[in-house]
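Single chain ahead, written as structure tokens, the form predicted alone.
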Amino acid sequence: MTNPFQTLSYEPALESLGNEFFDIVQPATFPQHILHFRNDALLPVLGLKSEAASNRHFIEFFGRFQGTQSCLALRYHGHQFGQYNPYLGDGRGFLYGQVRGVDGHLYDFGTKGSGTTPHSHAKDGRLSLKGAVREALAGEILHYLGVPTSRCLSLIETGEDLQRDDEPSPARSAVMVRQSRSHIRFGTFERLDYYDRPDLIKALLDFAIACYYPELWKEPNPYPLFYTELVKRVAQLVGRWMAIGFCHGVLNTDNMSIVGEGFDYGPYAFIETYNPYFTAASFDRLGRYSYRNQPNACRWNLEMLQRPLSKVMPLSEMAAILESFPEFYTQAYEGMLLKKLGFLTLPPSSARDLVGTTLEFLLITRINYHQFFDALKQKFSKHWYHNSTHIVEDLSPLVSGEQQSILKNWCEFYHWILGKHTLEEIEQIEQQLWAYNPTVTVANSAIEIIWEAIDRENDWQPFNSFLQRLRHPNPKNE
């Protein structure tokens, strides 16, 4: 029987640009293929039903790579921790097909851990199982929290022993396939600028706009409109990261997508408490990509992208456009935090005051960031509308005795905000709290517990249970 993944609507979109953008490679062969995760939630947009794709189909296509399309290791450079690196590129993965979804969008299948390429630089081109598990979890968590992200389509253990410096060795090996909107990076453009190819920069930019921003392609001058939209998307992306307490860890320009979608989650982490100086990557000793620096890092990356794009549009025009980044970011950050606090909209002054008061409270008390929003959701009561002391009663176990006065001040302000709403709107606030705060703990400790069960006992139940609860976040209304 024909593998259903072979019958999808593939388009050689990026391949049609020519071999200046990629190297054709061969996938590795592995001694073992154990499918641990298949993301059936991604199949409908591809026009597939889950029952049509068996585990064998996943393994054949995404483990043994028995498709007929070319495997393209993409070429790119990038600024890594502020320093330009011309020795990058897909070193352990390739673009494994671009598919037109039933929604009209183009989607990429990108591998990770699928073998060596011309860009491997003496490394083994493999992915550890722990790295695959962590990235699969990151994509699903972010997606279900409303953040644009690549997602793991399949995760297959491959039966090799890997030597790694950053985790106990030998480490178990895996190959994963990510589904994303695009694998074109800021660094893809930077590489073309490095080789002084303005013709290819224009060709790639035209391709990106026509493919991913088709509504702009119809405009007389789409280039500044594209950069404006990209600035907006990146600002919104990092604003949402900040609101949910996510720290990417390595925001180099080669880890920035041209469509404003998050991907390549290596040493990511979620803040435990509201600590602006928290840093996810142990090797980021100067805190360049600390939690608080993420907005500045993303803005700097957008500024670096201006260099290659200046071969196509005026640099001064892009510089003026980038000035809108703080406004886009603030709107996204405050908007997401307000939703986590239960409000879709508030008057601007009230919104700023509530967000500021909440962050000050979280910073001083050092209570768990995620537990606070979970408790707000779990404990919310219509009684809060009538008396602020009920809020204190419900939330006071979160803080120590000497911090009760700080909590009381926050509760009184929250009560004042509630008082600006009708009783009917109070019910909507409760629904928002359940909609925008997960029912699972997204803390690093929870992710580590999931991995430990896999590592020690090969027990995937915690992993599967976690994802199941992510997908059903609103038991309040069930």
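The shown structure was predicted, so the numbers you read here are calculated from the model rather than taken from an experiment. Just count from 1 along the sequence shown to find any residue number.
Here the subject shifts to the form predicted together with a small molecule, a form of this protein not shown in this document.
Visitor: Picking from 388-396, 207-215, 311-319, 118-126, which part of the chain touches the small molecule in the predicted bound form when contact means heavy atoms within 4.5 Å?
Guide: The contacting stretch here is 118-126.
Visitor: Of F246, F343, Y76, F226, which one comes within 4.5 Å of the small molecule in the predicted bound form, counting heavy atoms only?
Guide: Looking at the other structure, the residue within range turns out to be Y76.
Visitor: Considering the small molecule in the predicted bound form, which of K339, R92, K408, R288 comes within 4.5 Å of it through any heavy atom?
Guide: Checked against the cut-off, the match is R92.
Visitor: Consider N255 of the chain shown here, and say whether it contacts the small molecule in the predicted bound form, taking contact as heavy atoms within 4.5 Å.
Guide: N255 belongs to the contact set for the small molecule.
Visitor: Can you tell me if R164 lies within 4.5 angstroms of the small molecule in the predicted bound form, counting non-hydrogen atoms only?
Guide: Flag for R164 set to yes.
Visitor: Is the gap between Q80 and the small molecule in the predicted bound form 4.5 Å or less for some heavy atom pair?
Guide: Yes, Q80 lies within 4.5 Å of the small molecule in the predicted bound form.
Visitor: Can any non-hydrogen atom of L88 be found within 4.5 angstroms of the small molecule in the predicted bound form?
Guide: Yes - in the predicted bound form, heavy atoms of L88 and the small molecule come within 4.5 Å of each other.
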